[in-house]
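The chain below stands alone and is given as structure tokens, in the form predicted on its own.
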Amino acid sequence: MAIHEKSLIEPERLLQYDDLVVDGVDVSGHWNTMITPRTLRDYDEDFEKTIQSYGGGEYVHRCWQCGSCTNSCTMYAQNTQFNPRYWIYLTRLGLKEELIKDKDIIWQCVSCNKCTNICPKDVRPEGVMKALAHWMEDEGITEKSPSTHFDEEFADQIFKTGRIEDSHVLMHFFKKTGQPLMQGWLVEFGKRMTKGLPIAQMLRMGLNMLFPPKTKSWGRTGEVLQQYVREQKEAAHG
């Protein structure tokens, strides 16, 4: 199904004439705006499969372009350039360059899942939006999002110690995203959390932050797990 939204047509392709007569018929004014044609030949036949290899994009092939996702979208109500139906359409055609034009807004999906709940073909458009965002990160088209940095830090500590030390993850997440280590909300949270705690418990928490504890007999398990995750990712995206 073709995409006809005027907002998706580049301004330079819209032709308007204040005074134009064709074959004796006055076609002046923007009511009869003309659009210059274009031909797209730069497409990737395997791009749909690439997006299907990302979590959330597995069912993009089911889309029949009914438009329910865009019609229900929270972000579309705020910005008509945010158009899940159009991006799924481009994905299925393999028009990567057209998708990249919207790289600054695709990641703005708020995961309200209205689109996924209303989709009659169970495409799970919210997942497709996330898959597209992760693809752009992997290709270096966009910078890594804060959530990606957090996921990587979380996984990295699992690989190293077999467990999670919250303060350690948070501290490294702040460093990677350029945030100050001491933030007002965090200080207040710390005060409330430690209120009434025994001194020994607070000391133990402080030591865990400096020296993250490791799961007993973890050994090479983390290295094996990390290698497995790497192989699975390469197999999926290879």
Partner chain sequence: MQNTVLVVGGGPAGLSAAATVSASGFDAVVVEKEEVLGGAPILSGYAKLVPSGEWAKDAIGRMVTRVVDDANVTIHTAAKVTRLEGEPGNFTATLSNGETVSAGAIVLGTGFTHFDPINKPEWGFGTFEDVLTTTQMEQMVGAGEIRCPSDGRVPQRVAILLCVGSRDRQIGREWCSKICCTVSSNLAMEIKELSPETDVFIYYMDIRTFGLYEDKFYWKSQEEFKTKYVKARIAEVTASGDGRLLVKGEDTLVKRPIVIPFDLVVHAIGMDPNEDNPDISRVFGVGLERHGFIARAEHYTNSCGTTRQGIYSAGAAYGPETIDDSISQGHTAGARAVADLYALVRKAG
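What you see is a predicted model, and the numbers here were worked out from it, not measured in a lab. Positions refer to the first chain, counted from 1.
Only in words, not in the display: the form predicted together with the partner chain, which the text now covers.
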| property | result |
| --- | --- |
| Triple contact flag E152, K160 and K214 to the partner chain in the predicted bound form, non-hydrogen atom at 4.5 angstroms | no |
| Stretch in contact in the predicted bound form with the partner chain, which is absent here, among 178 to 186, 39 to 47, 200 to 208, 165 to 173 (heavy atoms within 4.5 Å) | 39 to 47 |
| Heavy atom of Q65 within 4.5 Å of the partner chain in the predicted bound form | yes |
| Partner contact for H134 in the predicted bound form: the partner chain, 4.5 angstroms, heavy atom | no |
| 4.5 Å heavy atom contact, M75 to the partner chain in the predicted bound form | no |
| is_contact(W107, the partner chain) in the predicted bound form, heavy atom dist at most 4.5 Å | no |
| Residues of 84 to 100 having any heavy atom within 4.5 Å of the partner chain in the predicted bound form, listed in sequence order | R85, Y86, Y89, L90, R92, L93, E98 |
